[in-house]
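Consider the single chain below, provided in structure tokens and representing the form predicted on its own.
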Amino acid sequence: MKVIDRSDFTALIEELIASDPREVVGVQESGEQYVFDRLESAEQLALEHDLTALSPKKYVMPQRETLLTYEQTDDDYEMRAEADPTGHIVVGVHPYDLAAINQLDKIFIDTLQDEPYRRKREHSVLIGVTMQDVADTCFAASMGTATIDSGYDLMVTDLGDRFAVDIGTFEGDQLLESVPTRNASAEEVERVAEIKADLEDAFDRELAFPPAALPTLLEASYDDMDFWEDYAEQCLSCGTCNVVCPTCFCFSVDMIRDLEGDSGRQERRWDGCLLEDFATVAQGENFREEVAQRHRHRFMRKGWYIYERYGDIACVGCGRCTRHCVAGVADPCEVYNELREGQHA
């Protein structure tokens, strides 16, 4: 573990903003919330944030991106890959968002072998930060994502006038070469451990059972439509819970033809299983037409389906869906605890 003075860390971020060809983004205040956005200065950083509106997923899986363009040439079509491979330097990522990106890596790189995602991910630098404040909707400690030992290039912990820095990758190590650092003392290493241990008591919300029990719990709850219909009664099917989720990765691909008709582009955009037409197929058939079916699918996917296929519980406990749901029915912690209580009543 290294230690860097706060002023030197600020200088490092300023240097990256000024000289690195990649865009440097970080957590900053925007009105009454925190967001990841482009940094003009290191002074904009708000590393004490509790929760950002969107996760940094948007930098490796943009909300909308052009994958290719095509143009008619004589009797043929010329197609060009257009997805932007440029990565970002992302500063201030909480451990649960790093865990979410690790899950996306398994899906897009290991399984789908998605080239646009892989190139953005490999060209990006993730600078994590140990949580200093906990959102009232967050239950990351229950999901084992309040702290993390991998998935970052650098992980910083605020020690007042200095930061303790865990180096996760060779590129992270190289970033520190331009600024003075020193090895952490035994007391500083112990202080970081204390800060992480104290986090466990900072959460107001908690899952009442180990997350490893979720797949079995959800499988047993699949046919309990009374529960899902009752819970979905107030759902507006707006899809906000999908959009703000750091692990949701569903997308649609559109072929868009230009007005002239001899050229166009292929675009990928985020999609969400709570949206009414998400499961609509040819001939207009919708195999999840009812909102209760879509509501059930979302929770089954988070706690059962993704686990079956990739070995991960696809909820990291960030609490964004709970914070942003206008109907107040998206809280996975509440839903899972009620299901568990019902089964053990």
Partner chain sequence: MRSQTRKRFEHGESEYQPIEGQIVWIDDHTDDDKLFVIDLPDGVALDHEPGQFVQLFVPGVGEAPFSIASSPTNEGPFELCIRAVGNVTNAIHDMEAGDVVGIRGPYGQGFDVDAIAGEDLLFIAGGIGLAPLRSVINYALDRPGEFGELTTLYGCTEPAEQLFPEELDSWAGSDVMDYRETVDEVPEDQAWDGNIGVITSLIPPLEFDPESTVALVCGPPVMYRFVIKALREKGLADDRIYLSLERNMHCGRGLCGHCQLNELYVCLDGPVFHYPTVRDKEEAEV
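Think of the rigid core as the biggest set of C-alphas that the two forms share within 1.5 Å after superposition. Residue numbers count along the first chain shown, from 1. Being a predicted model, the structure only gives us computed values, none of them experimental.
The following text describes the form predicted in complex with its partner chain, which does not appear among the structures shown.
The candidate site formed by Ser41, Ile89 and Asn102 is entirely out of contact with its partner chain in the predicted bound form, as no residue has a non-hydrogen atom within 4.5 angstroms of it. Contact annotation for Gln113: at least one heavy atom lies within 4.5 Å of its partner chain in the predicted bound form. Contact check for Lys58: no non-hydrogen atom falls within 4.5 Å of its partner chain in the predicted bound form. Taking the partner from the other structure, its partner chain in the predicted bound form has a heavy atom within 4.5 Å of a heavy atom of Arg119.
Contact check for Asp271: a non-hydrogen atom falls within 4.5 Å of its partner chain in the predicted bound form. Shown without its partner, this chain lists Leu236, Ala202, Ala220, Met255 as candidates; in the predicted bound form, only Met255 has a non-hydrogen atom within 4.5 angstroms of its partner chain. Of the residues Tyr152, Phe163, Phe249, Tyr231, just one reaches its partner chain in the predicted bound form with a heavy atom at 4.5 Å or closer; this is Phe249. Stretch 278-286 is the contacting one of 315-323, 23-31, 49-57, 278-286, since its residues have non-hydrogen atoms within 4.5 Å of its partner chain in the predicted bound form. Of all the residues from 98-112, those having a non-hydrogen atom no more than 4.5 Å from its partner chain in the predicted bound form are Ile107, Phe108, Leu112. In the core-superposed comparison between this form and the one not shown, the C-alpha atom of Glu260 has shifted by at least 2 angstroms.
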